[in-house]
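Next comes just one chain, in structure tokens: the form predicted alone.
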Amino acid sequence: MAKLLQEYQIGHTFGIATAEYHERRARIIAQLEKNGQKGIVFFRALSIFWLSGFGFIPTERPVAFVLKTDGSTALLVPRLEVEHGQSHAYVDRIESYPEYPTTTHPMLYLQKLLGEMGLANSGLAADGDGYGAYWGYRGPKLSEVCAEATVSLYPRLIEEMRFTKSRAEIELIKESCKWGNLAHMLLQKYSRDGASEIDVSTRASSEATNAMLLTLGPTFKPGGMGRVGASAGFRGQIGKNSYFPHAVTLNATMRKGDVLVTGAGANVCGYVSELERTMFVGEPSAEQTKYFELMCQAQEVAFDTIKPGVPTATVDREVRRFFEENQLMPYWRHHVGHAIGMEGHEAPFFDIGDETILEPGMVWTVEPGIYVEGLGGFRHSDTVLITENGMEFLTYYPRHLEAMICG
């Protein structure tokens, strides 16, 4: 067993290579040069992580990443993040300010840094006109502290670059699916009449995370900015409460006949996946079976529609047509799905209001749901990859009714 684990660890390297960070920055630089800007400032924590590998806890203390068109980079951090940045951020230089709010506002330290980089009075871009309102932060706008510069805002620049995933990103999402699958298997194993929602979720998540860390070994560095490891749970969607698509945990006790709507995944170097299933405590009733099968059919309609070149709106439109033809619209609550990668929900969306064209390399959740008051909710969610010819399942947990019975 030890030898097998060692071979697995040697053969698997997780994370984003420095060459990919260079490629990401090059794409941004090309956009800046096209628009006549000399540099850009990023305040959003996820964007900073995507560009530098520096994952941190966003607080009232602003952090900024600066990229010039000559490829040079700088990171402004509070004093308490200096050593952290030096150890984990892939940047050319790190500057700091003492604390927030202190006597000199951090944005004035950013003004000084931009001046030293020759950006304070030139064409400057940013993902926002200043730091966001985290945890009580208050401060001047970037355009105010750099009044001599023309500041152009690109709030969705990186979001749109993240629509399609690289090979390395896809491999991280696949790894996430693997451990989400294990967490869900354990969740189902422990779900039975009389079981506690929180106890089952905690046990399954802990065991799956321990297995994940044991298998990947001490060289695996979780990275990212969210929960570490694998997780599975119900988020309160137990029994009649599963009728609420986004319920919250209520410390419910499972009872025979309950519908269970689950969720599982894992954070692997900042990348996540989504696996959801509709399960039953004991044999489902005829009515529960009816809506379960209709939900599965709706998901199949989405799968059959998904292929490169198709507008995302078309997927949602076809599933809504299925709902209408089967008199299910009273039980409809949300669109078919969303992109996923570094965040649980990412743009674009399988929604009639989104005409984004599907492209190879995009990763999506597919999760049409049916919600019947007094009976429960019915929703599977699978993570899929758009390929050159269609789509590939990244999640692989069973979907059929017989496999969804617990206890």
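All residue numbers are counted from 1 along the displayed sequence. These numbers come from a predicted model, not from an experiment.
Although not depicted, the form predicted in complex with another copy of the chain is the subject of the following passage.
The contact with another copy of the chain in the predicted bound form, taken as any heavy atom within 4.5 Å, belongs to L80 out of L80, M185, C296, V310. Between the options T150, N326, N210, T289, the residue in contact with another copy of the chain in the predicted bound form by a heavy atom within 4.5 angstroms is N210. Among heavy atoms of L250, some come within 4.5 Å of another copy of the chain in the predicted bound form.
Residue contact with another copy of the chain in the predicted bound form: S143 places no heavy atom within 4.5 Å of it. Shown alone here, E159 lies within 4.5 Å of another copy of the chain in the predicted bound form, counting heavy atoms only. Among residues of the shown chain, G344 is one whose heavy atoms approach another copy of the chain to within 4.5 Å in the predicted bound form. Comment: 211-219 is the region of 107-115, 300-308, 171-179, 211-219 lying near another copy of the chain in the predicted bound form, near meaning a non-hydrogen atom within 4.5 Å.
Residues G55, F56, I57, T59, E60, R61, R79, L80 of 47-80 are found to place at least one heavy atom within 4.5 Å of another copy of the chain in the predicted bound form.
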